[in-house]
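Below sits a lone chain in structure tokens, taken as the form predicted alone.
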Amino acid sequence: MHFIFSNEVVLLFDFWNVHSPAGMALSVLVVLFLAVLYESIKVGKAKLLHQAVVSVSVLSSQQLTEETDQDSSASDSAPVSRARLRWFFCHFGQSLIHVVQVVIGYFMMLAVMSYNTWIFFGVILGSAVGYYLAYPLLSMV
């Protein structure tokens, strides 16, 4: 197999059959958008993880101060269950975001495996643009 410059390609599904330069340009833009979305999801997942760690640690420290203030074992179950529930929802949300990230990543990989040079350039340029746009947002955490 080798990369080819062509205006004809079948991408991912049978209905995504490209036969013209305009169709190829639109397909490259779609793949470019998928790559930007992939990089944005990576940043969003990292920000969500940071927020989850901070919120769980804040809840844990609040629970610790309440335990030392009250010295009763009957009233400390509510903050513990609240912290665990919050951790569960954060973990569940991150798991869903991870699944979306993996699906988009495999779609991009399969698009590149069409061995069309234009599609390959679209994925590479989309990854570069996505990284350029999304990663400065990560420093705002």
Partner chain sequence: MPRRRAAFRQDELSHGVSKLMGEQEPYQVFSTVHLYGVLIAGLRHTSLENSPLDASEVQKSWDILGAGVEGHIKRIHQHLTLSFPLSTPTPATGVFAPWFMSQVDFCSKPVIIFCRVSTFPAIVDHSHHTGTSHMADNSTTAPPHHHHHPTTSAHHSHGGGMDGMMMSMTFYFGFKNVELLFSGLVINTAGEMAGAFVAVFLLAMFYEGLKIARESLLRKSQVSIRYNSMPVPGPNGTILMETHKTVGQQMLSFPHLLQTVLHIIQVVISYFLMLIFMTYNGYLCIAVAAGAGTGYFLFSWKKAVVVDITEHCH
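Being a predicted model, the structure only gives us computed values, none of them experimental. Residue numbers count along the first chain shown, from 1.
Below: the form predicted together with the partner chain, not depicted.
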* Even though the partner chain is not shown here, does residue 94 get within 4.5 Å of it in the predicted bound form, heavy atoms only? -> yes
* Asked: Given that the partner is absent here, does residue 127 sit within 4.5 Å of the partner chain in the predicted bound form, heavy atoms only?
  -> no
* residue 17 within 4.5 Å of the partner chain in the predicted bound form, heavy atoms -> yes
* **Distance check, residue 132 to the partner chain in the predicted bound form, heavy atom within 4.5 Å** => no
* To do: Residue by residue through 115-136, tell me which have a non-hydrogen atom within 4.5 angstroms of the partner chain in the predicted bound form.
  => none
